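A single chain, nothing else alongside it, follows as structure tokens in the form predicted on its own.
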Amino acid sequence: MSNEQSAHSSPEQPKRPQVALFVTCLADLFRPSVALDSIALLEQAGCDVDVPRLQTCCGQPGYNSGDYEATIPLARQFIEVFESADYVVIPSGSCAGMIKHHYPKLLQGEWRQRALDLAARTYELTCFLTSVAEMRRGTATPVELGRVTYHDSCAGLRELAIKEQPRKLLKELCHTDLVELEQTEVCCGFGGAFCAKMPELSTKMSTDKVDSAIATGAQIIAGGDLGCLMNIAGRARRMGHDIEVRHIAELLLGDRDGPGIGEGTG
């Protein structure tokens, strides 16, 4: 190449991260907006996003119930479907924790090594937007939410150390008046099968969580795991409260046109 050609050549553009989105069962069945908003946020953050068609459940329900034999084929399929991506991003702390921490425990031999490799490239949504994509003000749809309180889900908090990431995004991108609820790190009572096996105890825990949220004066309860949010929203409705419940992906994108979680379609 001549000096003249070199002088007029445009600098090589950095490669856009190739992200595979794991939708999760609850988003797929109950709240597709969470997946769609996650895609939009990742694209705004400069990523190319793929949603693999062959994805299924990650196997967490069976694994948590002790059915490891049935979980192994699901784990292997997940790895085969997602391992070609630069990153796997999941709008759920519990599902992300399953991939990052439990697949390597469950699988052996070559599959364990493949699980470890995939685990290193798997992120919960808010972790990815703060530590990899580094989403900044101006890249997201500007919204003002008013007073918001945030629920820390057990798996996200304890397995993935998700605490400051969602709060940072809400404050920087949404101009949020973020107020902490009392005992924010205490379980909401969902716990997967726990709420079905021990309904009385689960109801007491979810009631305490709703009471704590109402006491903050917040208009919105936010969180990163749909299981927790559906549990909280359902209990709030049964208690007669109309507080809005939203997944953080919806809030970061400014997607509040539709009903909140648990509000139905009316």
Partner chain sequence: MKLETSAFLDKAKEALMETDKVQIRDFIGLFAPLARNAALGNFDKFDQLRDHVKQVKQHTLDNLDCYLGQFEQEAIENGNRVHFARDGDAMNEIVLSICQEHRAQRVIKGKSMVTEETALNDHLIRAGLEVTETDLGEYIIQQAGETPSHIVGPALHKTMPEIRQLFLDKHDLGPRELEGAPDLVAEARTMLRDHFLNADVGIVGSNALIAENGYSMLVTNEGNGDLCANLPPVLIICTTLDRVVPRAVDATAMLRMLVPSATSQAITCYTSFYSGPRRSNDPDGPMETHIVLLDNKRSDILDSNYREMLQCIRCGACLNHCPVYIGVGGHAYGSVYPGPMGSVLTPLLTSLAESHALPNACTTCGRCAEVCPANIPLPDLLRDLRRDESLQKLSPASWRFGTKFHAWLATHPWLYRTLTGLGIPLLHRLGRKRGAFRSLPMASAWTSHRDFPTPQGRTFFQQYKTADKQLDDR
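Residue numbers count along the first chain shown, from 1. All values reported here derive from a predicted model rather than from experimental measurement.
What follows is about the form predicted in complex with its partner chain, which we do not show.
message: On the criterion of a non-hydrogen atom at 4.5 angstroms or closer, are Arg121, Leu181 and Gln219 all touching its partner chain in the predicted bound form?
response: No, none of Arg121, Leu181 and Gln219 comes within 4.5 Å of its partner chain in the predicted bound form.
- prompt: Within 4.5 Å of its partner chain in the predicted bound form, heavy atoms considered, which of Arg112, Arg158, His175, Arg147?
  reply: The residue in contact is Arg158.
query: Heavy atoms within 4.5 Å of its partner chain in the predicted bound form: does Asp48 have any?
result: No - in the predicted bound form, heavy atoms of Asp48 and its partner chain never come within 4.5 Å of each other.
message: Is Gln77 part of the interface with its partner chain in the predicted bound form - any heavy atom within 4.5 Å?
response: Residue-level check for Gln77: yes, a contact with its partner chain.
- prompt: For Arg31, is any heavy atom within 4.5 Å of its partner chain in the predicted bound form, or not?
  reply: Taking the distances in the predicted bound form, the answer for Arg31 is yes, it comes within 4.5 Å of its partner chain.
- prompt: Is there a heavy atom of Ile39 lying 4.5 Å or less from a heavy atom of its partner chain in the predicted bound form?
  reply: Yes, Ile39 sits close enough to its partner chain in the predicted bound form that at least one of its heavy atoms falls within 4.5 Å.
message: For a quick check, can you give me the residues of 67-84 that have a heavy atom within 4.5 Å of its partner chain in the predicted bound form?
response: Contacting residues: Asp67, Tyr68, Glu69, Ala70, Pro73, Leu74, Gln77.
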